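Shown here is one chain on its own, the form predicted on its own, set out as C-alpha cells.
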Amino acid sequence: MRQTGYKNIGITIYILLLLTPVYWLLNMSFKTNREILGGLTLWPQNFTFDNYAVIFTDPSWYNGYLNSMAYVSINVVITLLVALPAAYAFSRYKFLGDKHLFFWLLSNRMAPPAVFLLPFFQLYSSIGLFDTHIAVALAHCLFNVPLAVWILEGFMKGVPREYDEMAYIDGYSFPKFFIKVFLPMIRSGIGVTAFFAFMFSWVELLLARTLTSVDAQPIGAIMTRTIGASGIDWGVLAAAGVLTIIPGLLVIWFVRNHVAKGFALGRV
C-alpha cells in the first residue's frame, strides 16, 4: 500500500514537471510584453488575445504554419508510398545483399542532418528546388524512409504468408491484394509510421531552415527571427509556440489507438 502511494506521488511530480513548461508557455501567450518582462505572475493580470491576433493576421506568421503543414504532409505521403513496397519486399523475399541493404538504410537514419546539409543545399540550388516545399520534404525522406521501412517490415513479418497465397489462388492481382487485403492488416503499423514521420518532419529545423528562405519558410525558422527594433516580442513568440504544439497533439489524438497497438505488437 505504501509503495503504491510513493508510486502515485512520483508519477504526479513527473506529470507536474512535464506540464509546467507547457502551462508557462500558454500563460505567457495571453500576456502583454510589459507584463511578461515586469515580473513573475502565475496567470495573466491583463488577459489579451492580441498575440494570437498578430499570428492570424500577419502573413509572415500564418504562412509559416501553412508551409510547415505543406512539406510535412508531402513528406508523410512520400515516406509511406516508398516504404510500404520496400518493407513488403524485405519481409517476403530473400535476395542477394538484402541484410546489407537493410543495414545501409538504417545507417542513413543514424547520421545527423548536418552531414547532408551542404550536399542538399548545393543540389537544390543547382536544379531550382531551393526554397520549395518539395525540397524540404525530400530531404526529410532521407531520414524518415529508413525508419519507416524498419517499422513496417516488423509488422509485415507478423502477417502469415498464407494470406498472400490464398489471395493469389482467389485470383487477386498483387496491387488489389496489397491495397484491399494486406494494408488493412497492418493499419496499426501504418499509423505508427505516419506518426513518427510527421513528428520528425514537424520538429526538424536545421534542414528546413537552411533549404528555405522566403516562400517555403517554416514556422520554426520564423520563430527564431522575432527580434525587431523594440526587442523580442515574447507574447507573440509564446502564442506561436502554443500553436506549434497543437498539430502534434491532434496527430497523437487521431492515431493514439494505432500507436498504442503498434508499441505493443510492432517493431517500435
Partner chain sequence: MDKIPDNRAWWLVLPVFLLVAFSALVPLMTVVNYSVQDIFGPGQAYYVGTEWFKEVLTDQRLQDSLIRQFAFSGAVLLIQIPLGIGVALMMPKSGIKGSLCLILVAIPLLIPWNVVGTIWQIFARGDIGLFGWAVNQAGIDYNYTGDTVDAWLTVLLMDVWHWTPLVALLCYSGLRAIPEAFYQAAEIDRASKWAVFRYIQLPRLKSVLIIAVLLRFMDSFMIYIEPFVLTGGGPGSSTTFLSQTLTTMAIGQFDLGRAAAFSLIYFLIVLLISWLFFTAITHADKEK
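These numbers were taken from a predicted model, which means no experiment stands behind them. Positions refer to the first chain, counted from 1.
Another form exists, predicted in complex with its partner chain; not displayed. Remarks below refer to it.
> Using heavy atoms and a 4.5 Å cut-off, decide whether 24, 86 and 118 all contact its partner chain in the predicted complex.
Yes, the whole trio is in contact, each within 4.5 Å by some heavy atom.
> What is the one choice in 166, 123, 74, 183 with a heavy atom within 4.5 Å of its partner chain in the predicted complex?
Exactly one listed residue reaches within 4.5 Å, namely 123.
> Quick one: does residue 223 come within 4.5 Å of its partner chain in the predicted complex, counting heavy atoms only?
The answer is yes: residue 223 has a heavy atom within 4.5 Å of its partner chain.
> I'd like to check something about residue 141: if you look in the predicted complex, is any of its heavy atoms closer than or equal to 4.5 Å to a heavy atom of its partner chain?
Yes - in the predicted complex, heavy atoms of residue 141 and its partner chain come within 4.5 Å of each other.
> If you check in the predicted complex, is residue 150 within 4.5 Å of its partner chain, heavy atoms only?
Residue 150: contacts its partner chain in the predicted complex.
> Is residue 173 one of the residues lying within 4.5 Å of its partner chain in the predicted complex, judged by heavy atom distances?
So residue 173 does not count as contacting its partner chain.
> Residue by residue through 100-131, which ones have a non-hydrogen atom no more than 4.5 angstroms from its partner chain in the predicted complex?
Result: 101, 102, 103, 104, 105, 106, 107, 108, 109, 110, 111, 112, 113, 114, 115, 116, 117, 118, 119, 120, 122, 123, 124, 127.
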